[in-house]
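Next up: a single chain in C-alpha cells, the form predicted alone.
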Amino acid sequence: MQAEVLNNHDIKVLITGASRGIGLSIATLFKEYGYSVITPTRSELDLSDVGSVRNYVSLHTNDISILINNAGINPLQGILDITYEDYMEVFQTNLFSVLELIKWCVPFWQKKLNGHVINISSIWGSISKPKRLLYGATKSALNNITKNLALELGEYNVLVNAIAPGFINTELTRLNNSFAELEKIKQQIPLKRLAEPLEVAKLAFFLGTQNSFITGQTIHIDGGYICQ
C-alpha cells in the first residue's frame, strides 16, 4: 500500500468546488489514497469570472491527470425572476469554465495518451422541477458535452464521464429543502433515503482511477429517483 501511495502522489487531481459537500468528500478520498490533490479556493479560481479562469490556467503548469469539475451554482428562480446577468453567471460557472479547464488539460493528455474528466452533473439535467431552469439547462448541456468530448478525445485514451447525483445529504440540500420537504423526498426515492457524499465520491474515484473503458456516460446516482 505504501508503494501505491508513493506512485499515486505523482498523479495530480484538480477538483473544483471542493470546500464542502460532494467536492470535499471527493478530495478527501483521493488524498487518502495518496494522490496529489489540487483544490483551488475561489480567490485563486473564480469560475464565475472568465478572466479569473484564464488567469489561473495561464499561471499554472498543466500536468493534471484527472480533472473533476464539481463546482456549480443553483439559484432557485422562476423565469420572471431571472435576469440577463443571472444567465451569464450560471452558464459561466457551470458550463463555460468547465470547457476552459478541459481545453487547458487536453495538450498534456495528448502527449501522455491518458486522462480522465469527471463532470459532476445532476438529475436536473435529465428531469425537471420548478425553478431549476438555468441549473437544469447547464447540466443538460454538460451531459451532451460529456458525450461529445468522449468522441473527440477517445483517440488519446481520455475518458470523459459525468456523474448525475440526486438528493445528497449535504448542507446545500438541507438549505434548499425544509425538514418536512426532505422527509417527503425520501419517500419518493425507491431506496427511501438520501445519498451520502462519500457514495458519490466513491463513484468519482472509480471513474478516475480504475475505469479503463467507460466513456461518454452520464451515470445517475439517485437511489432510483428518476426511474419513477
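Note that this is a predicted model, so its numbers are computed, not measured. From 1 onward, residues are counted along the sequence shown.
Missing here is the form predicted in complex with a small molecule; even so, the following discussion is about that form.
Only one of 55-63, 185-193, 172-180, 30-38 places residue heavy atoms within 4.5 angstroms of the small molecule in the predicted complex, namely 172-180. Note on contacts: among 149, 118, 71, 105, the single residue with a heavy atom within 4.5 Å of the small molecule in the predicted complex is 71. Among heavy atoms of residue 168, some come within 4.5 Å of the small molecule in the predicted complex. Contact check for residue 46: a heavy atom falls within 4.5 Å of the small molecule in the predicted complex. Among residues of the shown chain, residue 216 is not one whose heavy atoms approach the small molecule to within 4.5 Å in the predicted complex.
Using a 4.5 angstroms threshold between heavy atoms, residue 18 counts as touching the small molecule in the predicted complex.
Proximity to the small molecule in the predicted complex holds for all of 42, 93 and 135, with the criterion being a heavy atom within 4.5 Å.
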